[in-house]
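The chain below stands alone and is given in structure tokens; this is the form predicted alone.
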Amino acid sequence: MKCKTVHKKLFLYIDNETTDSENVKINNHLQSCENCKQLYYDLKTTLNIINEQETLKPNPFLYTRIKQKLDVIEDKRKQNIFVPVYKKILQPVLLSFLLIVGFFFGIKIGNTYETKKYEDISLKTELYFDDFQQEEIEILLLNE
């Protein structure tokens, strides 16, 4: 038997899952090949160490706890049918509507005042700035 074939079947040989004829062939090969024999002993000691380790006992309530959490998640999903629609569709539509209404009213308020009122006010203020001749003290100070 070749070393590659023995390497492939070595785990089965250690677990006693090979046939009798394969057992004889593998056993003969292990007696003649030192590399495969060393590999066999290394694997056997490693598996013995692993088997000696304490195995974890499953929690008997694990399934029920997971099932309860999944049921809670499913109940929340059934209750909140309207929330994803609100967040995905209605919220952007409402925001767009409010922006359009805000711009419309801003333009409307800006156009309510007539420009004639501003022109009248500017003429009146110019008259107030041109009252230099009425002030006698300023004329006196400037002439000296």
Partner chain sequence: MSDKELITGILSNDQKYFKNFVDKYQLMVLNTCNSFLHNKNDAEDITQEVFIEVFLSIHKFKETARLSTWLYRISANKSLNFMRDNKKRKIIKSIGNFFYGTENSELQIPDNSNDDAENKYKQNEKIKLLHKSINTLSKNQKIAFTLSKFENLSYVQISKIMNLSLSSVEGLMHRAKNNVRKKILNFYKRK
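Predicted model only: the values in this text are computed from it and were never measured. Numbering follows the first chain given and starts at 1.
Omitted here: the form predicted together with the partner chain. The next part is about that form.
Check: Does the partner chain come within 4.5 Å of any heavy atom of Pro58 in the predicted bound form?
Finding: Yes, Pro58 is a contact residue.
Note to self: Would you classify Gln53 as touching the partner chain in the predicted bound form, given a 4.5 Å non-hydrogen atom cut-off?
What the structure shows: Yes - in the predicted bound form, heavy atoms of Gln53 and the partner chain come within 4.5 Å of each other.
Next item on the list: Tell me, yes or no, whether Val72 is in contact with the partner chain in the predicted bound form, where a contact means a heavy atom of each within 4.5 Å.
Entry: Answer no; every heavy atom of Val72 is more than 4.5 Å from the partner chain in the predicted bound form.
Next item on the list: Verify the contact flag for Lys76: yes if a non-hydrogen atom of it lies within 4.5 Å of a non-hydrogen atom of the partner chain in the predicted bound form, no if not.
Entry: So Lys76 does not count as contacting the partner chain.
Check: Okay, which stretch from 103-111, 62-70, 90-98, 23-31 lines the partner chain in the predicted bound form, with non-hydrogen atoms inside 4.5 Å?
Finding: Only one stretch qualifies here: 62-70.
Item checked: Residues in 35-55 with any heavy atom within 4.5 Å of the partner chain in the predicted bound form -> Read in sequence order, the residues that approach the partner chain (within 4.5 Å, in the predicted bound form) are Leu39, Tyr41, Asp42, Leu43, Thr45, Thr46, Leu47, Ile49, Ile50, Glu52, Gln53, Glu54, Thr55.
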